[in-house]
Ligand SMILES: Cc1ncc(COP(=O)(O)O)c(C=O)c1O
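Just the one chain here, the form predicted on its own, laid out as C-alpha cells.
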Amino acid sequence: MTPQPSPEAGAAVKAADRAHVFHSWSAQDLIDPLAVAGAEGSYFWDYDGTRYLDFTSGLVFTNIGYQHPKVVAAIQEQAAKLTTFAPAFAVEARSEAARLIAERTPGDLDKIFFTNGGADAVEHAVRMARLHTGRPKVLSAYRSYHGGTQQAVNITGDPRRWANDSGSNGVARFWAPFLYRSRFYSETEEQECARALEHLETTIAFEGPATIAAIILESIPGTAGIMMPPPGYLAGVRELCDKYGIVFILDEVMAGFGRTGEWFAADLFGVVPDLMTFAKGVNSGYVPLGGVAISRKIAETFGTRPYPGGLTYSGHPLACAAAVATINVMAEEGIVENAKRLGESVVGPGLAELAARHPSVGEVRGVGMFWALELVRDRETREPLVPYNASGEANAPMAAFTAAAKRHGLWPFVNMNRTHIAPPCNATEAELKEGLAALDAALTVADEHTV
C-alpha cells in the first residue's frame, strides 16, 4: 500500500533531518537523504508517492521485509506485558530468543550473549577470545567489514577503517581468497584455496602463533563484495586454528538468518567456529539486537571466572520478542527455503543472463538472496568501473548507474564498483523479476562507460 502523496509533510521531515540529524559515514553538507513515508514487504515509498523495490533490505537486515504483521504484533504484545528489564534477570522473551537461536546455530554454539548490534557483538567476541587464550592479537582479512565501534572498525579491512585506525590495537591482516581478483596469481578455485591457506599459515608464523588470540572472518564477506569462499577454505582455517590454539570467530551479522538460503552461511561449508556473531536478520532489524553464540569450551572459561563485559540493554525484551516472532515466522513460512529456491531458480540465472548481455558486468557471484555484480570498464583487463574507494567525479559512472536504477523504481545497494542484490528473503518471484528488469535498464547506463 502506498498512501496519498504529501509533499508538504515530506518537506518538513527533510527540513528537521537537515537541521538536527547527524548521519553516519557522510559529509553532512553533501548529502540529500530521501524522506521515507512508509514501507511494507519488499517496498518503501516517499512523500511524493514514489515507490521503490528495496534490493538492499535496509542495510541487509529486513530479511522478512518491512512491517511483517506477526512481528509488529509481537512487539506490541511485549510492550504491553514488560517493556524493558535489566539483563541480570531471567526474562521469558530473552530466554526463548536464546533457545531458538541456539537450536539453529551449528555445533555446540549453545550459549548466547546478547548485544545491541553487530559491531558490539564483534567487540565482545574478540574480548572473549583474548581472555580465553590470554593472547593479544587478532588476524582479520582485507576486504572485510566488522562494525563501526573502535575495536570492530580497527579489525575491518575496508577504507572506513583508515580515519579511525589507531595502528596499535593488536590487529594484523591477511588476504582471504577472491579468485576474480586473486592476490595469489591463481587460475582455479583449488589453487586459490591452497595458496590462501598457505599465505594465512605464513602470516600466523611471522606474527607468532603464541600471540594470536583469534582469526575473524565473515563467513561470506558482505559489504566488501560477497566473495564466496572456495570449497575447503573455511575448513582449512578451522584446521589452522586448531593446530595453533587460535579461536575461530565467524561473523554472520550480514550472512546469517536465511540470507544465504541456510540459517547460517557456516552451514553451507560444514564449519563450526568457536564464536559466531549475529545481528541484523535475527529480528529483521525491527528492534536493535545482536549477539555472540559461544562454544562450550569458551563458555567454560567463564564458568567460575566473571566475564568482564555487559550492556544495559543486553537481551532487551522488545528486541528479543521481535527475534522470537521473526524466527518463528521464518520457520512457519519457509522463508529460508524461499531464499534458497528463488536464489537458485530466479536470481542466479537472471543475473547470469544480464551478465551475458551487459559488457559492464565482469562477474556474478552469490547465493540465496545474497549476490553481487562486479562492474568493470573492461572485461578483459577486469579494470573496475570506478577506482577503488572513488568519490566525486571519479565515481560518476556508478552514480549514473545508481540514478538509473532509482528512476526505474529500484533502490540498489552500491559499494565502490559493485551493486549487491540483497532483497528480503521472502521476496516473491514476481518482485525479483521486477528488480532484475530494473537492473537491466540501469546496466545499460553502466555499459556506456565501458571500453
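Residue indices: 1-based, along the sequence shown. Please read these numbers as outputs of a predicted model, since none were measured by experiment.
One more form of this protein should be noted, the form predicted together with the named molecule, which is absent from this view; the next part is about it.
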May I ask you to check whether R259 falls inside a 4.5 Å heavy atom distance of the named molecule in the predicted complex?
no
Verify the contact flag for Y145: yes if a non-hydrogen atom of it lies within 4.5 Å of a non-hydrogen atom of the named molecule in the predicted complex, no if not.
yes
How about G118 - does it come within 4.5 Å of the named molecule in the predicted complex, if we only consider non-hydrogen atoms?
yes
D274 versus the named molecule, in the predicted complex: is there a non-hydrogen atom within 4.5 Å?
no
So which of 110 to 118, 183 to 191, 357 to 365, 318 to 326 is the stretch with heavy atoms within 4.5 Å of the named molecule in the predicted complex?
110 to 118
Contacting member of N338, S314, T223, N154, with respect to the named molecule in the predicted complex [4.5 Å, heavy atom]:
T223
Given that the named molecule is left out here, which of A74, I294, A372, M254 has a heavy atom within 4.5 Å of it in the predicted complex?
M254
Out of 205 to 222, which residues reach within 4.5 Å of the named molecule in the predicted complex, heavy atoms considered?
E218
